[in-house]
Ligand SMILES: NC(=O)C1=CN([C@@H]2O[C@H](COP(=O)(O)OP(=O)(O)OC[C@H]3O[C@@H](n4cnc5c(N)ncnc54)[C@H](O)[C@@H]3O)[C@@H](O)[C@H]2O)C=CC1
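One chain is shown next in structure tokens, namely the form predicted alone.
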Amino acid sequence: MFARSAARALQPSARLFSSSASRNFKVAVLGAGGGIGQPLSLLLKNDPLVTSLSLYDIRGAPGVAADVGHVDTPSEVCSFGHIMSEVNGYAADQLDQALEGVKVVVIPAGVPRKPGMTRDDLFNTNASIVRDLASAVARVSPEAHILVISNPVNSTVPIVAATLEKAGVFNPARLFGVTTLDVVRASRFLAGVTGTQPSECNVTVVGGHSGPTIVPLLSQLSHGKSIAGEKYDALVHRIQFGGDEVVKAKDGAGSATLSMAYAGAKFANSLLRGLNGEKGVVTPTFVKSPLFADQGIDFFASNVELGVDGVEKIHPIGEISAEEKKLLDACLPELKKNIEKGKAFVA
């Protein structure tokens, strides 16, 4: 009995990975040696849509590639035969080689949060890292889809956009801020409060990816509508500041790395499924958006339909409750400030 249970536990999640691959994709992880990059690389190696995995970091990436490369995930079958999922590691001076021929670039590079730090405290270090990586993508793989995990996402995504614009290669359909961890947390925490399964609590989270800019639309689910009063306030606060829980629990040893790697792999798989031609792939992500552009907020997370060219359709936020309207009113000025900070860094 234990053996059967263990075998099931080791199978890729049906919700996380699609196995009906007709195309194959080369994916690069920039920052593969870090706390997010290592488990993210492992999860991407387990994604059947990833044919080639290109791992880069200023230190440790060749070792991560050698380690991950031993994982016995199945080969892909193409019209010309069998191809094993390929893993290559690249050292600090091999960034251009790491990006050659890449379809999707995932960027978890940067320093993690420590106790007492906000995401904005990370800005000065991570902003420079992300700008330089974006410059390399613009130069080597200008048509790649870029997934930004490095915090503060509300600012780093505009930094990438401005860097690509300067290089004359910015395509808003190909740039994504990964806010999936907010969705994962919201679903997990709501399920815990209501005694249901996370699969029954697929919460749409809009806005941005830090503290008060995170707006969970609980009212759009039957399970979420039942939460009110102090229980509602506590749930929203936990969704918005769930990262602080992890930072505190790790006692100075890091931030949310494993859950972020899971969320990053989950979003990457959604994008790959869309690129692969699957219809109806919709998930929240932080993109260049018209929803609040008239207020000077040109990046916003909402449900986005993903397709063969990246962003296919940006969905409106829909009907929201009075409580969610208050959350949104608090989100927008903070989000605007974060976006402007990112743009100013590249100006």
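All residue numbers are counted from 1 along the displayed sequence. No experiment lies behind these values; they were computed from the predicted model shown.
If you look for the form predicted together with this ligand, you will not find it shown, but the lines that follow are about it.
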**Request:** Report yes if any heavy atom of Ser135 sits within 4.5 Å of a heavy atom of this ligand in the model of the complex; otherwise report no.
**Result:** no
**Message:** Please determine whether Ser219 contacts this ligand in the model of the complex, using a 4.5 Å cut-off between heavy atoms.
**Reply:** no
**Request:** Examine Tyr56 and determine whether its closest non-hydrogen atom to this ligand in the model of the complex is within 4.5 angstroms.
**Result:** yes
**Asked** Though only this chain appears here, would Ser187 touch this ligand in the model of the complex if you measure heavy atom gaps against 4.5 Å?
**Response** no
**Prompt:** Okay, which stretch from 220-228, 157-165, 255-263, 191-199 lines this ligand in the model of the complex, with non-hydrogen atoms inside 4.5 Å?
**Reply:** 255-263
**Asked** Only one of Val169, Val111, Ala127, Ala173 has a non-hydrogen atom within 4.5 angstroms of this ligand in the model of the complex; which is it?
**Response** Val111
**Asked** Which one, Leu147, Val183, Val87, Leu122, lies within 4.5 Å of this ligand in the model of the complex by heavy atoms?
**Response** Leu122
**Sequence-ordered residues of 191-210 touching this ligand in the model of the complex, heavy atom within 4.5 Å** = His209
